[in-house]
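Here's a solo chain for you in structure tokens, the form predicted alone.
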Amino acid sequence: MKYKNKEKVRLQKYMAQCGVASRRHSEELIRAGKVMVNGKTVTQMGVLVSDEDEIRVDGVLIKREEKKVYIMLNKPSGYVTTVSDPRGRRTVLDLIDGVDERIYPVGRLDYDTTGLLLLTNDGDFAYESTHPGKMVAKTYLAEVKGRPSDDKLDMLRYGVDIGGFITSPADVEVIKNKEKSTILKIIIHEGRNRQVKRMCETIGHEVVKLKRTAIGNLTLGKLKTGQWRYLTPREVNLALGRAK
């Protein structure tokens, strides 16, 4: 008989530990009325549960995963960063095969954004690597239209208003000047929706191509576009900025 953990945790955290989704997306599922605890639909935050409770998401019984899985994917363009898509578009999970555990993406990359994406069933890892307060660095290569002036690049370095939110200072470096565009290396410590694109739009230079190359101290290395692999324990710490 499997041991049941009687320790009570918040419902959204329990769902993340079960590999359903990240804590934030789990909260969305709860608010949408898709979660039942012991036969009753729950729509409010703050409910505490344990392994002794019966929890269903969209009618499916969930339980905590015993084996933690951490995957690195080099995401190609043309895939949505979700477990499923109501519009029938391809999701990043379509690129992952041979994994029995229920995994989900850590954070999001836009449909046309490429590069480093992590997937896991470890809710604590997902929370720590995406929460703005944890200040985990994300590194991007952004090709923008035109040639931003030094003053505009300094705006990104000091923080810009992207619509009711002032970004934290970013590290910005010009990698290459092309005829009609510029490739920038941008390091941010937040993860707001479309943040890099919105930052560049704010200074008047639209992003035409965007690739994430690193999370924390973890880089893509030689992983080819569309391929994935498991992370080593050291790489899990690299992704959280705990190792170099």
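From 1 onward, residues are counted along the sequence shown. Since we're looking at a predicted model, the values are computed, not measured.
Only in words, not in the display: the form predicted together with a small molecule, which the text now covers.
Asker: Candidate spot 64, 104 and 122, all three in 4.5 Å heavy atom range of the small molecule in the predicted complex?
Answerer: No: no residue has a heavy atom within 4.5 Å of the partner.
Asker: Within 4.5 Å, heavy atoms only, one stretch in 110-118, 168-176, 84-92, 154-162 touches the small molecule in the predicted complex. Which?
Answerer: In short, 110-118.
Asker: What is the one choice in 195, 50, 217, 202 with a heavy atom within 4.5 Å of the small molecule in the predicted complex?
Answerer: The residue from 195, 50, 217, 202 that makes the contact is 195.
Asker: Exactly one residue in 30, 184, 55, 210 has a non-hydrogen atom within 4.5 Å of the small molecule in the predicted complex; which is it?
Answerer: Among 30, 184, 55, 210, a heavy atom within 4.5 Å of the small molecule in the predicted complex occurs only for 210.
Asker: So in the predicted complex, is the small molecule close enough to residue 79 to count as touching (4.5 Å, heavy atoms)?
Answerer: No.
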